[in-house]
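Just one chain follows, in the form predicted on its own, and it is written as structure tokens.
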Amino acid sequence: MIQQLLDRWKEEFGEVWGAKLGRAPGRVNLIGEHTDYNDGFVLPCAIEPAVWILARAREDTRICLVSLNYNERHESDVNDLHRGTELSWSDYLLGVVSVFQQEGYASGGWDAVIGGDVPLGAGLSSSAAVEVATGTVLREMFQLPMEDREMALLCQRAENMYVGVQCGVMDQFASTFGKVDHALLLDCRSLEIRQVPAHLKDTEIVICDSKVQRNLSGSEYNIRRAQCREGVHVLREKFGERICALRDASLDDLEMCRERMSDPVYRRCRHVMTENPRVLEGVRSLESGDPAKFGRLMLESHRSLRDDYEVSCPELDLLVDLAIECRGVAGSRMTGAGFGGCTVSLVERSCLDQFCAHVISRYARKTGREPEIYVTRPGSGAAIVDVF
């Protein structure tokens, strides 16, 4: 990827002197889905696929962006940033510039070539990787006095306010704070993070891309968020100020309010209230080196996402079913916001070849799509890379 960036840069901008190279990874969420925007707990890890940006400051106010993945060029002015009527890949970069400006972090014009191997629309947070990679190179180029935590939060705001997806903080935090061979326990209320050693022994993290594309802007994702807010409102009417988010209520509290909620709202709340304990139990099983226990929690999580939160789809359910038919699989679940995208499974290294052959052939036969399979380990977070 680095050589591709360098070659395209020379075509577009000439010599690379003075340019900065930034990298930010995608992420896979091991467990803890749709809990982040409910002040809950999540357990993602950075993955090896990443987004790379080669960038250099200009002397004027023009922003010239070139995408390898889309083979497109976009130009804007740093003093006149606005989204078009159709969402574009460039909006994820320009949104970061915009929110940085709102916080008083001034920047001038810049040139950039961007590319990466995080699958697009697969639920592995390619958008957050673009945003965090952009923030990383902007901070370096313009010497912005910004800590990692603030940068991750501003990248989240760019996706919320500029792109229009009301995501929580998990994706940008995982891309920023990832650590090799560790998962990241994130308390989405306090924003406290803890690096959790991923004692997976001879077990690999296997991601299966269903090839069902998602578009979350203005979609069912935002509807789920609204349903959770409605649940909080009902619970708060009953129990008062101790309920600030679904995290604050128990299943007993929920049952007491069941008749005041629609059935969908009740089930959305039940998912969140059962998912948070699964995350904390999952941390304990990782730390004790018990992939089998973690795998059982993954299956419980998938059933809850499928039946209570209703964000799975037939293709994701099929991938999970095919996975657990295989020898050496501890567990499997959909990962990401849902409605397509990927599953994540824990598979014994010695069984990988059989797993891949079984899942690919059976899935293709039943759906007409050939899934993409990625074997990964927890990877490192965003950084400026010195290659010159």
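Computed from a predicted model, the values in this text were never measured in an experiment. The first residue of the shown sequence is 1; numbering continues from there.
The same protein also has a form predicted together with a small molecule, omitted here; what follows describes it.
Contact with the small molecule in the model of the complex, defined as a heavy atom within 4.5 Å, holds for exactly one of Leu124, Ala174, Cys208, Met298, namely Leu124. Between the options Leu316, Ala158, Val137, Val130, the residue in contact with the small molecule in the model of the complex by a heavy atom within 4.5 angstroms is Val130.
Contact annotation: Ile114 falls within 4.5 Å of the small molecule in the model of the complex, judged by heavy atom distances. Taking the partner from elsewhere, Gln354 is found to have every heavy atom lying beyond 4.5 Å of the small molecule in the model of the complex. Contact check for Gly168: no non-hydrogen atom falls within 4.5 Å of the small molecule in the model of the complex.
Contact annotation for Trp89: at least one heavy atom lies within 4.5 Å of the small molecule in the model of the complex.
Comparing 116-124, 178-186, 257-265, 148-156 against the small molecule in the model of the complex, the single stretch with non-hydrogen atoms within 4.5 angstroms of it is 116-124.
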